[in-house]
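Only one chain is included here, represented as C-alpha cells and corresponding to the form predicted on its own.
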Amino acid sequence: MTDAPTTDRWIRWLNTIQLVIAGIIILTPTAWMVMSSFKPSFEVTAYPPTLIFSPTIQNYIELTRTTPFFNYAINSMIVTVGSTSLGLLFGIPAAFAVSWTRISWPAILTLAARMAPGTLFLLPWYVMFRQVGLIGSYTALILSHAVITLPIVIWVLLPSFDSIPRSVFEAAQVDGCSVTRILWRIAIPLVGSGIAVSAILAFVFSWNYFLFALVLSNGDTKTLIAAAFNFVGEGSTQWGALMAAATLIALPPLLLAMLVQRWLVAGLTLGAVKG
C-alpha cells in the first residue's frame, strides 16, 4: 500500500514538471523575440540559430529612425484606452443586468458577435464610417474595437456578479435602494477584482487587434500593431526591426498586468465558488 505522504510528494513533483513544461512552451517564443531584437540583422535569421551573440540596440535605433514609432504608440494608447473605457462603461451595467434578471440571451448575443470573424464586420464598418466621414479617425477605431472589449467585459464580470449572494441585494432593496444605486454602491465595490481582470483582458485584446486598425486608420491614426507590418515587404523582411517593434508592443500589457497582479489573481478566482 502506497504511503500517503509519498503519493502527495509524487503529485507535487508531477505538478511542478507540468508547470515547468508549460512555462517553457509559453516563454520560449517570447524569449526568442526579445533576444532577436538585440541581434544584428544578419544573425536574426541565421541557421543554425546563434544563442551567443554581441547584443546591439541597432534594431531599436532603426525602428525609431525610420518610423514615427512614438506617435504610433500614442495612437494605440488612445484607441485602446478609449475602447476599454467604452467596454467597461457599457459592459458593467450589462453584466449586472444579465445577472440580476437571469436573462442570458443578451450576453450570448454579444458572445456570438465576438466569435464571428472580424472580416464579417469590416465591410459594414467601413461603409458606415465612410458615409459619415470618420475613416481615419480615433472615433472609428474606438467604436470598432468596442466590439472586442464589450463581450470580454460582460463575460468576465458575469461570474463575479453571480457570486454575490442575492440576500445582499434583497437587504439593500428593503432599505429602499434602487437597482441603479445597488449597482454603483454595492455590486461594483464587491467585484473590483473582476473589473480589474476584465479591464486588463479588454486592454490586451484591443491593443493587439490588427484588422480594424489596418483598414479604418490612416497615417495620422495608425496604431503600433498595424505599423509594425511596415517592416514586412514583398521581397524581404526587416526581422530585426520587426522583433524590436514586437518587443516594445508587448511591454504595455505586460507592465499593466504586473502592476495589478494582486487584483488579477483575485479576480480570476472570484466566481469560482458560489457565495
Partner chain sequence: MASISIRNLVKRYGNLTVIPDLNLEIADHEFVVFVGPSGCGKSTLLRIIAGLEPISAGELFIGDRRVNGVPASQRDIAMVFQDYALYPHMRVYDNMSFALELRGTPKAEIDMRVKRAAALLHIEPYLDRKPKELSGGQRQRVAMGRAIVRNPKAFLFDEPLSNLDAKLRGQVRAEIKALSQQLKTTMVFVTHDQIEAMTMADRIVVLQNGTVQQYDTPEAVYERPTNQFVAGFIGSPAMNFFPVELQGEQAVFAQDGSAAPIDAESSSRLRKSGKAVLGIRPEHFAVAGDAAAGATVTVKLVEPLGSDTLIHFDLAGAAAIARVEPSLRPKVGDRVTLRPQPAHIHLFEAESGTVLR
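Numbering follows the first chain given and starts at 1. All values derive from a computational prediction rather than experimental measurement.
What comes next is about the form predicted together with its partner chain, which does not appear here.
Residue in contact with its partner chain in the predicted bound form (any heavy atom within 4.5 Å), chosen from 173, 180, 131, 119: 173. 186 is the sole member of 135, 77, 186, 143 with a non-hydrogen atom lying within 4.5 angstroms of its partner chain in the predicted bound form. Exactly one of the stretches 120-128, 107-115, 164-172, 145-153 approaches its partner chain in the predicted bound form with heavy atoms within 4.5 Å, and it is 164-172. Among heavy atoms of residue 88, none comes within 4.5 Å of its partner chain in the predicted bound form. Within this chain, residue 190 lines the site of its partner chain in the predicted bound form, having a heavy atom no more than 4.5 Å away.
Of the residues in 92-120, none comes within 4.5 Å of its partner chain in the predicted bound form through any heavy atom.
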